[in-house]
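In the block that follows, a single chain appears as structure tokens, in the form predicted alone.
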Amino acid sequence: MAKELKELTPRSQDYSQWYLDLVLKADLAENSAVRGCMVIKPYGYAIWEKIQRQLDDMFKETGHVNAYFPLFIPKSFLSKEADHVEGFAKECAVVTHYRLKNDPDGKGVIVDPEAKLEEELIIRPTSETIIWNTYRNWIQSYRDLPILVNQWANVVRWEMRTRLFLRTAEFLWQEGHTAHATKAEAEEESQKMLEVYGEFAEKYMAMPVVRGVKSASERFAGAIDTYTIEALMQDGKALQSGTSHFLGQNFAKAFDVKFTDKEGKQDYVWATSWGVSTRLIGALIMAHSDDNGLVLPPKLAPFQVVIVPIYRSEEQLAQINEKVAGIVSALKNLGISVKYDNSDNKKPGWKFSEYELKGVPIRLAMGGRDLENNTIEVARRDTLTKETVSCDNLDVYIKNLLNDIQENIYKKALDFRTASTINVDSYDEFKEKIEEGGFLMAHWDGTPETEEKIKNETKATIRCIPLEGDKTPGKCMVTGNPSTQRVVFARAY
């Protein structure tokens, strides 16, 4: 049973199948009866809750508050910002009627043709339009600014080729929408939130990211600038893991949102929006996991420690239960989440396999000999190593070990990214190296024509123009024209 539980397609054999196997067998999510949509199972949702809780705290520390806006957006709203509607038109789900009725032929229910909506409603692909229509009622003066609002919600983007967590027709996310009196303040906000995402990715997800700005063709529809964090997955592909947009006054102009400044003059409000989604769970899986299952950083694991008893009799189990109760209490007092699995319907070997598959950072096992010697077996998920340690001061030992595991997972991902990032100077070399995957740092002349040529011929895109790093000017690898700095190219999800 344990072997069957763990049997995953090896990454080296078929990375996509390995990913799907892992999502399904680790009980993270499954496909639903609605094509392109997923059911997030309790263990997967527990990871999302950890992500959500930490990000929510970080947002509130920077002065943001949560609100909620309607799921439905009048079709006319999407017509008001030209770039925005063009960017999302092909992905919109449209509500046209508001009632069903019994089929006169007795074949279930049909849409009532008499119940056609006067104006069709779009199920939100993103909320800029409905929110800026609302902000028009909230903002009259500079005293009403800034507005720093976030919402946790679901959105629908009608995807035909889907992959659990990475790309589904409906997904969960947060979207921040802020309003400001000055351009400088809005630009500062969009870059501040990018840094919040970067800090979260590195400190909590243990996933190194490149912070940068998108090229014009890769920008969010309706944005002046889109900032991004880009991560590298183990198969050498990039994953856009969070974006923050400086929207200028585009949406304020579209929805006529003006304010009176301190001098008594009227001006349009400046805007930002920013978001991350359940795609981050896909990032966690692909950045760290192995052929044995999930590898979760302790800060985001649903439970950080699992304890499994190994016993020969009910009497011995009772003694282990008593001993473990003290260990569990001490660990919880240090803020460590722990599960004691003394269920009798599965053998210890099955449990070991299950918790390894599910990526629990530390597994503790206690048997009769451990009871006699005041010891316990400690197994690390990240290195798959085991040792026997004393139960004295075990809580402090485990707390330090969790920190070590968090740092080790990050270091491993960083070392992989470093080894997979290379400078490329010629287009021939670029076409050769892109087949191997990784981040390719190359000069680009800044034109959409060259960018499109590279994309069509190699399937690689500009992931971002890095905000930090080598800013040395050079020559475009394709045209030989001047280039201000190297940009990050990769094939991407």
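One rule holds for the numbers: they count along the sequence shown, beginning at 1. Everything numeric in this text was worked out from a predicted model, so none of it was measured.
The next section is about a form of this same protein that is not shown, the form predicted together with another copy of the chain.
Enquirer: Heavy atom within 4.5 Å of another copy of the chain in the predicted bound form: which of 123, 181, 221, 330?
Expert: Only one listed residue qualifies here, and that residue is 123.
Enquirer: In the predicted bound form, which of the listed residues (317, 216, 117, 389) lies with a heavy atom within 4.5 Å of another copy of the chain?
Expert: Flagged contact: 117.
Enquirer: Counting only non-hydrogen atoms and a 4.5 Å threshold, tell me whether 336, 350 and 370 all contact another copy of the chain in the predicted bound form.
Expert: Result no, not one residue of the spot touches another copy of the chain.
Enquirer: Answer for residue 96 alone: is it within 4.5 Å of another copy of the chain in the predicted bound form, judged on heavy atom distances?
Expert: Flag for residue 96 set to yes.
Enquirer: For residue 66, is any heavy atom within 4.5 Å of another copy of the chain in the predicted bound form, or not?
Expert: Because a heavy atom of residue 66 falls inside 4.5 Å of another copy of the chain in the predicted bound form, the answer is yes.
Enquirer: Wondering, does residue 49 line up within 4.5 Å of another copy of the chain in the predicted bound form on heavy atoms?
Expert: Yes, residue 49 is a contact residue.
Enquirer: Check whether residue 74 has any heavy atom within 4.5 Å of a heavy atom of another copy of the chain in the predicted bound form, and answer yes or no.
Expert: Contact check for residue 74: yes, within 4.5 Å of another copy of the chain in the predicted bound form.
Enquirer: With the partner removed from view, which of 155-163, 320-328, 359-367, 226-234 is the stretch that lies within 4.5 Å of another copy of the chain in the predicted bound form, judged by heavy atom distances?
Expert: It is the stretch 155-163.
Enquirer: Could you list the residues in 24-38 that come within 4.5 Å of another copy of the chain in the predicted bound form, counting only heavy atoms and keeping sequence order?
Expert: Stretch hits, in order: 30, 32, 33, 34, 37, 38.
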